[in-house]
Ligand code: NAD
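Okay, here we've got a single chain as structure tokens, the form predicted on its own, with questions on binding and movement later.
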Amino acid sequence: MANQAAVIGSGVMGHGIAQEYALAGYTVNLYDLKEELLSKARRSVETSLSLLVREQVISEQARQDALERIILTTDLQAAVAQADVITEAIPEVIELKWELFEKLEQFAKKDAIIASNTSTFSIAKLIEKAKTPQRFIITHFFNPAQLVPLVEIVRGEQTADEVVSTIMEIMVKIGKSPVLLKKDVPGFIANRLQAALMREAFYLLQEGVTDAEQIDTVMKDGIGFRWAFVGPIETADFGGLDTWKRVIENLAPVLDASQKAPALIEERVAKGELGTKTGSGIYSYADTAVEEKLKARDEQFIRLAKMKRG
């Protein structure tokens, strides 16, 4: 079993993935282009681990041990030279990924697994230029990677069976709930489900059915409340397939079927109102401490995870 990992890219996803490996006992080389990016990632990991200590998920000793296992570096070759599993978490630009993969195939051990955290590209596209396609696989983590259990696993036609089984075992070891796709489809599973729901949510908002806060309340206190423990397929079984046959047949003709991003999103993006990152999106964050909101979100995620494990 692997005991050394490397994560390429220390941003929003990368530092969280590195944290998960480190907590599970792996030595992790976390690579990025600049020292300041790595310093920022280190602070994020420290904050996240401290929150886990406060929530009594890990001990202070476990926090210290995890921090010691994460090695920051701007030397790509050194980062991957001894790694058994390498996770790519760089921006979603295919040319950048191809360039990186070429270097990884050159620098990494011959039997090292190369995993991509992409949420956009198919495995076939990712390995288009690869010389060793049998060791490539997708491990799609979800933000925040250190807290959300799900990881979607996508294999290519040439991915070795041993690579698939090893990755599945590793994901379980680091505390994740891996789901292996039987087909490589755009958006995988989770983003397809999210996109369908988001399209309808923005349609209801744009049509003035209710406001954004009420739509979010319906999700958090209704659908999301149930879906934390009972999935949509189970919900159909529990409610009766005959009932859901009628529900879908009655609603399908009137659901939004737009083929592009909702107009409300287009308008906000054109104005540079991108959400928390700019201080305004659908909601305004001018008088809100975004860091505090994210901290509160993470606390709730941690408590939910503890409840589900218990």
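Numbering starts at 1 and follows the sequence shown. Just so we're clear, the structure is a prediction, and the values are computed from it rather than from any experiment.
Here the subject shifts to the form predicted together with the named molecule, a form of this protein not shown in this document.
The contact residue chosen from L251, A270, L33, L241 relative to the named molecule in the predicted complex is L33, the criterion being a non-hydrogen atom within 4.5 angstroms. Taking a 4.5 Å heavy atom cutoff to the named molecule in the predicted complex, the contact residue among Q82, T217, T132, S119 is S119. Just one listed stretch, out of 154 to 162, 171 to 179, 86 to 94, 199 to 207, contacts the named molecule in the predicted complex at the 4.5 Å heavy atom level, and that stretch is 86 to 94.
The named molecule in the predicted complex is not approached by Q19, whose heavy atoms all lie more than 4.5 angstroms from it. Within this chain, L294 is remote from the site of the named molecule in the predicted complex, having no heavy atom within 4.5 Å. Heavy atoms of V45 never reach within 4.5 Å of the named molecule in the predicted complex, leaving it off the interface.
When contacts are judged by a 4.5 Å heavy atom cut-off, Q106 does not count as touching the named molecule in the predicted complex. Contacts with the named molecule in the predicted complex, taken as any heavy atom within 4.5 Å, map within 8 to 28 to I8, G9, S10, G11, V12, M13, G14.
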